[in-house]
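Two forms of a single protein chain come next, each set out by itself as structure tokens; they are called structure 1 and structure 2.
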Structure 1
């Protein structure tokens, strides 16, 4: 009985916190000065249709670098604590025939879709983080379907290292070629033609590196969870 009372009180508290947000929510008719600079600057300065990508990758690129770093530290910490001991090696249960057959068909398509998401993040909704997670979901499907499937940790570490170094090097290139206030400024590569894949300067490269890094980190984390999640 006490448990239900506590749950009820928590729900009441959450409703009290969110009620003003629901009642006072409104859609502004015009953007403020900062938002207007972001929206119009993405087209005028960066030749990029997706204003969200312009904010995430360029205008607030240092925040994105911090998010990638936090994700790396989180996955590294989880992987460390879930590190499998030799005498505690788990036994995986084999997946069903339907799951195995479906994974062989769907996994390549999911990987391609993930690549599409982060390579087209400057043109359409998406980007490096969702693209990387989508790619990792394909590897999760393979892990669930095949008890003998495993990751090459050398390839994962190499992909993660190259993508991280590439991301930082692109930021440093902006500093060297454009000035001290241009970290992760993509315009050093040329803005290209509006709406084309190879446009918006180095943004497609930045998002590709982010997508590969996120995908590698999440795949390594899934492998660690799968290795320690079997029956003892």
Structure 2
């Protein structure tokens, strides 16, 4: 009984903490200076319509490196807790006819849609993170439909490890070279024409790499969950 009272008190305390946030909150009529700068810089400096991508890839690129590292650590943790077995025990039911036929038609389309999302990240909503997850959903469909579907673990692990370490090293290099030169500035590639696929410097390239990495990590995560999730 005392436990429920304590929990109730904790929740009341949380609500009390949030209360000033609600009372002092107002929706502003104009964007603040920082946001205005980002929106202007996205169009003027980078020739890129999507200001969100400008923030993710360029202005806050180092933060994104950190977030990718968190993602990498979470996936590595899943791989650590769930050991991948070499042989499936064959206890899984095969997928139904509808699922199998549907997955054959849909999976390639979903993968292409994912690639479209992350290559057009600088023009339309989306980018590497949603694109990678959409790609992983195609692999989930294939995993559910075929009971013997497996990835080449070696390749996925290698991709994950190399890109993970590479991202961290690039981030550290960026920290060391901070202020010295234009490291991590995507303008070393041509800015191109407004609104075209090949524009905005190296941003589509960077976002494609992020998309591939997120896709590989999520697929590896699904694979470890399903190969260890069955009964023993």
Partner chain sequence: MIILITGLLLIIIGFWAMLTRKNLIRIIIGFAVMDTGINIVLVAIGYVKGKTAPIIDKAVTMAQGAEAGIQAVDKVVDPVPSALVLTAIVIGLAVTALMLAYAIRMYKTGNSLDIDDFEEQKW
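In this text, the rigid core denotes the largest set of C-alpha atoms whose superposition between the two forms falls within 1.5 Å. As the structure is a computational prediction, the values presented were derived from the model and not from experiment. Numbering follows the first chain given and starts at 1.
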| property | result |
| --- | --- |
| Label of the structure corresponding to the form predicted together with the partner chain | 2 |
| Exceeds or equals 2 Å, Cα of residue 66 between structures 1 and 2, core fit | no |
| Rigid-core-superposed Cα shift at residue 15 between structures 1 and 2, Å | 7.6 |
